[in-house]
Ligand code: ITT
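Quick heads-up: it's one chain on its own, the form predicted alone, in structure tokens.
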Amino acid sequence: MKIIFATQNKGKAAEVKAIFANSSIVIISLYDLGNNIDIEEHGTTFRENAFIKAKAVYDIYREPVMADDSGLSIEQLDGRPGVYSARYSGENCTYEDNNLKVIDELKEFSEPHTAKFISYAVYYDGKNEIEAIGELPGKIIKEQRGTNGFGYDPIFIPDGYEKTISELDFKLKNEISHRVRSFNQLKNKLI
């Protein structure tokens, strides 16, 4: 079976293709198709945004689609940045802008700053919808450390580790990530 993965991100596409590598499912990304669709994510939950992407791509290709939406949820910030993780500091902000905003907002709270990365993955084929959620629990620290990650990785330490995700080996990060967890669940449900 062929499934279109609604992403133009080469790294994310490679990660998901690796998850499905030893299965009967072939993953083709929007990047592979040369399609640079601009999909407005106007949902208020990760689930809504993932489904918005899946449906938009399905409506174009009329073939089965997978999509995901992910972000960071911090307990002391009532789940923020949440679905606004990528643009938490405003449009055209940098990863560092977002990290510094989170660190600043957490100054008024005592440690630990409990948080989790969430990935909500969906499969949609025009009538069937299958969903999976992957979470990576951890905590936020006061300074950025490491150079191997992106987004909030330099300020996030996963439970059971002493290093930030940006300090971890790339292979290990991909074994424990919230995205790997959600897409492994989705794969198991599809197979």
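Rigid core (definition): largest C-alpha set, two forms, superposition within 1.5 Å. The structure presented is a predicted model; accordingly, all values stated were derived computationally and were not measured. For every residue, the number given is its place in the sequence shown, counted from 1.
A second form of this protein, the form predicted together with inosine 5'-triphosphate, is not displayed here; the remarks below concern that form.
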{"item": "Partner-contacting position among 137, 146, 43, 151 - heavy atom within 4.5 Å of inosine 5'-triphosphate in the predicted bound form", "value": "151"}
{"item": "Touches inosine 5'-triphosphate in the predicted bound form: residue 186 (any heavy atom, 4.5 Å)", "value": "no"}
{"item": "In the predicted bound form, residue 23 touching inosine 5'-triphosphate (heavy atom, 4.5 Å)", "value": "no"}
{"item": "Inosine 5'-triphosphate contact at residue 17 in the predicted bound form, heavy atom, 4.5 Å", "value": "no"}
{"item": "Contact of residue 109 with inosine 5'-triphosphate in the predicted bound form (heavy atom, 4.5 Å)", "value": "no"}
{"item": "Interface residues of 80 to 97 toward inosine 5'-triphosphate, as seen in the predicted bound form [heavy atoms, 4.5 Å]", "value": "85, 86, 87, 95"}
{"item": "Cα displacement of residue 30 between this form and the one not shown reaching 2 Å, rigid core superposed", "value": "yes"}
{"item": "Core-superposed comparison between this form and the one not shown, residue 15 Cα displacement 2 Å or beyond", "value": "yes"}
